[in-house]
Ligand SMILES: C[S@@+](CC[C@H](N)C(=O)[O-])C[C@H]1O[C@@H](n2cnc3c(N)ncnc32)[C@H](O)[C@@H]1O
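The form predicted alone is given below as one chain in structure tokens.
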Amino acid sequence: MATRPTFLEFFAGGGMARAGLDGLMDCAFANDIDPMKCEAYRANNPGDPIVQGDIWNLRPADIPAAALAWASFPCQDLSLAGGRRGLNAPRSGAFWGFWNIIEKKGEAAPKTIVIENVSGLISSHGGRDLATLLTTLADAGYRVGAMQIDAALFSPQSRQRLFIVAHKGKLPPGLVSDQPDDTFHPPALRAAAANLPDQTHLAWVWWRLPHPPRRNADLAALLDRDPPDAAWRSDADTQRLISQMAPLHRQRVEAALADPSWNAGAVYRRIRIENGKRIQRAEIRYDGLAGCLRTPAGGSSKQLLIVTEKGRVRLRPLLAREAARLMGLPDSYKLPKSETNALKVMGDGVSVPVVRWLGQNLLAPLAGAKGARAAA
């Protein structure tokens, strides 16, 4: 039996990159600093160890050789919600701990590297953070390209993420295009590539991915119709939330109420500037998608659902099991017992079907997996 290529999973969280690569590549090493996430990883991968601890404390000599390294390093300092402190701030600066390992592995370093983060990395510090990261890879001899992929192509969650894929060595045929693809290379990313330093630009590639089949599930299909009674908020809470809506969003709720059938809309609370003042607004969407899952750090970060049926309107939070489905995980995935912890694992994770699509059409071919199919 032919052996599959192996990969290293850094910042592994609950193991969602591993779940996406399952059957394509085998995990040789995993690491995360969060004890709760490590516990979730072990629960879903019994018998396969994960090293708990700060990435800066890992000994490169203790990490096995592998074809690929996956790094979903912390995004807080690169996102709009995190203050945009950048790649050298404490949390997102963990990237340099990962890169320290790659450098010290020398010739034994993986030939393929995947870095996943929020799309805010493209514009962080006026594009300097992305250019620094790409130049670091290029200077080490990697060809490098990036794609912005929305999980909504695969599951009903609006979740834009940046995937940087770097490879050292000969590129298999069919994986590179001479032109960007509008689906995966939006204008901001194309502009960032055009503005790279000359030497880095020479290492840039436009990775070629096929377009996935049309998504055939919407948010309603993944929601529990009969959640626990304790999940429902009071009528007063419901009306208070609706009162925070601008007229357009209230009209959307009223239109849903006029339809007697069961319906659900996803709601986030946001701060908007209106007439020079900061106003908290509740915004609802009925496009069949959930908003991007976040970690439940505060009330405004929690995604809510307004459910209407037969003239009644009710309010509840999105449940952790529903969040797991939105991330592409099966109901057999073992969630932490705490609802807050389970939502944290999901909000910090990577979309499983996106990883699988990348794995099938780019990563496995780059790793030389037997039977891997290059992008058409």
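The structure displayed is predicted, hence computed values, not measured ones. Residue positions are given as counts along the sequence shown, with the first one as 1.
There is another form of the same protein, the form predicted together with the named molecule; it is not shown, and what comes next is about it.
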Q. With the partner left out of view, is residue 64 within 4.5 angstroms of the named molecule in the model of the complex by any non-hydrogen atom?
A. no
Q: Would you check, heavy atoms only and a 4.5 Å threshold, whether residue 74 touches the named molecule in the model of the complex?
A: yes
Q.
Test of understanding: in the model of the complex, would residue 284 fall inside 4.5 Å of the named molecule by heavy atoms?
A. no
Q: Find out whether any non-hydrogen atom of residue 16 is located within 4.5 angstroms of the named molecule in the model of the complex, and reply yes or no.
A: yes
Q | Per-stretch contact check against the named molecule in the model of the complex, the hit in 316 to 324, 42 to 50, 346 to 354, 22 to 30 (non-hydrogen atom, 4.5 angstroms) | A | 346 to 354
**Q.** the named molecule: the contacting residue among 241, 137, 94, 209 in the model of the complex [heavy atom, 4.5 Å]
**A.** 94
(Q) If the cut-off is 4.5 angstroms on heavy atoms, which of these, 55, 335, 69, 307, is the one near the named molecule in the model of the complex? (A) 55
Q. Which of the residues spanning 33 to 51 lie within 4.5 Å of the named molecule in the model of the complex, based on heavy atoms?
A. 33, 34, 37
